[in-house]
Each structure stands twice: as structure tokens, then as C-alpha cells.
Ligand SMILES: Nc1ncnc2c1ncn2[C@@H]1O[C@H](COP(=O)(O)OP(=O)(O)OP(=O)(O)O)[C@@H](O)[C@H]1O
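The chain below stands alone, shown as C-alpha cells; this is the form predicted alone.
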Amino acid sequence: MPKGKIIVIGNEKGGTGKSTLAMHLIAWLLHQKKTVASIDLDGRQGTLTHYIQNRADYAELHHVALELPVHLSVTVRANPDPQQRKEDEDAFIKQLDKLQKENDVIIIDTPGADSYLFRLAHVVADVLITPLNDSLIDLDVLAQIEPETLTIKSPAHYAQTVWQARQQRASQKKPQTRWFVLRNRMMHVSTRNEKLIWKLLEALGKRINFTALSGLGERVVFRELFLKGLTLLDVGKPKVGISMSMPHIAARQELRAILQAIGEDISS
């Protein structure tokens, strides 16, 4: 039996929409009749865990059928000694192996900070999706930019983390991780900054092998959906209780474009 595919939502920066994207991927895969497990590696903040619990609560309160994944929450130790770190890594791999045998896809939502399990998640990733806020400040985790020429000087710390993870996968004779970088919270009008970031991302993508895509815009609807545990895919369904509006339609078009671009990599 083939093992389930591992999809990691990763970035060393918080507030980029990782958990929102993770929940929408989970709902989409479940809608496709895939068996899905999810892991929240940010057990302390627990955004994805709260999202899934909100979904379960909403389904029970409103007597509506909403698909749910098998879910685990993991809290990473702050300062483990070498033995504790090895125990945690071994336990993570063992649990992951079990989930892969029982599910088609495993979604791992990572915290916005480096840790030993954060790095291990990047090593096991078949597909890595990095949401990135649409700004030069957030681009700093991927590349160092020459201020005078506005060109890339070198890959930055998170790009180096991904490179190291790919090296480990290669040493284990595993296929290279397929990497997508999503520009989230984009402005809805074209600007000089927007064109510059596209240019930089496309150049960096060719250099370190990722595909740059448009992501999800900054919309209030995502905060409202989180509180109910709902996704754009649930809006407008019978009994869900939320009618489709223009912001929902626009956001769903953005989501559809993402799924179309990465769908074959994450669902096959």
C-alpha cells in the first residue's frame, strides 16, 4: 500500500495565513473523498487546532455535516537536551508513519519559528507550500535584497533551511520536495512594489527551485470563517447558514486558482 502524501505549510514568519491555507486544503481534500490527517506543530498557539475545533462545534450546534480530519496537536519543547530531542523526533516519525498508512494525505501546519520538529517536517515534506505576505519585509526570510539595484544578493535563512532539508531528502534517496511560494494579502491594484516582488520571486524561484503563485487576498471573511470553523468551500451550502457574497466569490476565485496550480501535486 502506498504511503500518504505529506504536505507541509511552512514559513519562518508568523501571520502569513498558514493555518487558513491549511484548513482550506484539508476541506478541499476531504471534499474529494480523500482520507486526511492534520498535524499542528504549533501546539502552544494552536491556530489550526482551534480552527478544526470550531468546525466540529459549529457542525454539532447547527446539525450540519462538515468533514473533519484526523487531527494531532504537538507542542515542541523549548530547550530539549539531545536525548529529549531524539525521543521527540523518533516519536514524530513513528506517528507520521502510522498516519501515512491510514490516510491519503497528511497536512502539517508549522509555527512561524525555527525548531527541531519544524526542520524535520521540512525533510519529510513531499510538497512544501510557503505563504508569504506581499511585502519586501516578508520576502526577507527568502532572500537578501541589494538595496541599490533591487536585485537578489543571496538566499536568506528560511531558503537555506529548505535547501538543507532537500539535501537530507537526497541523502535518503527521496524525491525532491515540490515547493510553492504563495503571495498572500496582495493589493487588488497593480503597484510598483507588486511588480518588483513578482520579479524578485520569479528570479529567486529559478535560482532555488520553487514556483511562485498568487495567494489569498486580505479579506475580513477569513476571520469570520475561522470563528465558525468554516471554509470558502462551505459557504452557500444548504444548512451551513452563510450566503454567498461578493467578497466570498472573489476569495473563492483566488482559492480556485491556487488549487488548480498545485492540485495535481497535492492530491495525486
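Numbering starts at 1 and runs along the sequence shown. Keep in mind the model is a prediction, meaning the values are calculated, not measured.
Here the subject shifts to the form predicted in complex with this ligand, a form of this protein not shown in this document.
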Interface residue in the predicted complex among Phe210, Phe222, Trp28, Tyr58, criterion: non-hydrogen atom within 4.5 angstroms of this ligand: Phe222
Would you check, heavy atoms only and a 4.5 Å threshold, whether Gly229 touches this ligand in the predicted complex? no
In the predicted complex, Thr130 touching this ligand (heavy atom, 4.5 Å): no
Is there a heavy atom of Thr49 no more than 4.5 Å from a heavy atom of this ligand in the predicted complex? no
Looking at the partner-bound form in the predicted complex, is Glu218 within 4.5 Å of this ligand by any heavy atom? yes
Given that the partner is absent here, state which listed stretch (39-47, 61-69, 195-203, 236-244) has heavy atoms within 4.5 Å of this ligand in the predicted complex. 39-47
Go through 5-21 residue by residue and record those having a heavy atom within 4.5 Å of this ligand in the predicted complex; state none if no residue qualifies. Lys13, Gly14, Gly15, Thr16, Gly17, Lys18, Ser19, Thr20
